[in-house]
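For reference, the chain that follows is the form predicted alone, supplied as structure tokens.
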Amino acid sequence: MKPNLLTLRIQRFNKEKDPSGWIEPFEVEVRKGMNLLEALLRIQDEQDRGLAFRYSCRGAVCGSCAMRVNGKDVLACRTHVEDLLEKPALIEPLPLFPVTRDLIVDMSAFFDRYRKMEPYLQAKPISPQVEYPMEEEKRKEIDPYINCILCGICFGTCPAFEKDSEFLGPAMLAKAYRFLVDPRDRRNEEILRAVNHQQGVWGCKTVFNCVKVCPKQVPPTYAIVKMRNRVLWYRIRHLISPSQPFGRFFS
């Protein structure tokens, strides 16, 4: 029986070899249940040891194997090769990030933005003898935003970067909302201040691309809209009663 061959046209980049990059085709035999990451590993093992790409967990937990496949940003470990058999698949690195080698991109700017959001719980003061209760509905509201694996896929599909490369990005704004609505966190005013600008919630085009492509179903656009509403609510509150808490936030 003739083996089922998959053709992958891979965007290559090696600054020392060819600074303009080139596309190189590879053929790999398809096995039942194979995903794209497995296909790339076979090419690396059997055809070109120099092929460069990132991966770690192989289970859609780490986000390392994000790349562009036929114009769509996906996780290689979640992409079934059977879906790529109809025509040669074009494999490219994630867009908007500087390419360092083949399918590997420099995500330094992504993680710099992430660190600036201080993505960890900064709890309100509470006695060590007392637990901090959380209502079930509040936990459910937070849950979707905990699922972000920092793969960077949402950056590649976000039209806001076309207008402003300094836009914080969907992942960072989703993370900000995760702590804004956590009743244990003390930073309500600080978080809203950090996102209340054109590179923050007001730079989003609300086209929901990030919601559509997120491999973990994180809904950043919904978080952005909710934070906009909260910013406006605080502005109105200040106009009505400037002496109320948070009144100085928009003064």
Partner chain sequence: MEILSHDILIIGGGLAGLRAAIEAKRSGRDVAILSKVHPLRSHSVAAQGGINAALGNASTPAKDTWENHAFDTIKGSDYLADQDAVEAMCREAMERVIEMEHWGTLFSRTEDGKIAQRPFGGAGFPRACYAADRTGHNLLHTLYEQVVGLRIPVYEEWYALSLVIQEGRCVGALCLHFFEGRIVPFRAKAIILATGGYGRIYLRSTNAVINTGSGSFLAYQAGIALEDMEFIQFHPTSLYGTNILITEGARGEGGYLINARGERFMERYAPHLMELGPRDIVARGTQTEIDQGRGFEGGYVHLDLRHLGREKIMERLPGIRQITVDFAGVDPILESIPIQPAQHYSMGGIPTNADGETELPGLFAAGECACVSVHGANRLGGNSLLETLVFGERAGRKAAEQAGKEKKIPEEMIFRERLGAFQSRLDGIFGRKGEEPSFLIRDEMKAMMTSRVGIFREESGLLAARGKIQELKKRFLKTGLKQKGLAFNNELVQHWELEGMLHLAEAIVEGALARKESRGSHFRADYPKRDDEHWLRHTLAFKTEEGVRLDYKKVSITSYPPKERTY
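Residue numbers count along the first chain shown, from 1. Fair warning: this is a prediction, and the values are worked out from it, not measured in the lab.
Another form exists, predicted together with its partner chain; not displayed. Remarks below refer to it.
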| property | result |
| --- | --- |
| Location of its partner chain contact in the predicted complex, chosen stretch of 58-66, 220-228, 22-30, 196-204 [non-hydrogen atom, 4.5 Å] | 58-66 |
| Contacting member of Val211, Leu192, Ala39, Leu51, with respect to its partner chain in the predicted complex [4.5 Å, heavy atom] | Leu51 |
| Listed residue that, although its partner chain is not shown, lies within 4.5 Å of it in the predicted complex (heavy atoms), from Leu121, Ala109, Leu85, Leu90 | Leu121 |
| Partner proximity in the predicted complex: Ile149 to its partner chain, non-hydrogen atom cutoff 4.5 Å | yes |
| Contact flag, Glu136 vs its partner chain in the predicted complex, heavy atom cut 4.5 Å | yes |
| Arg186: touches its partner chain in the predicted complex, heavy atom cutoff 4.5 angstroms | no |
| Cys158, heavy atom within 4.5 angstroms of its partner chain in the predicted complex | no |
| Contacts with its partner chain in the predicted complex - residues in 214-232 whose heavy atoms fall within 4.5 Å | Pro215, Lys216, Gln217 |
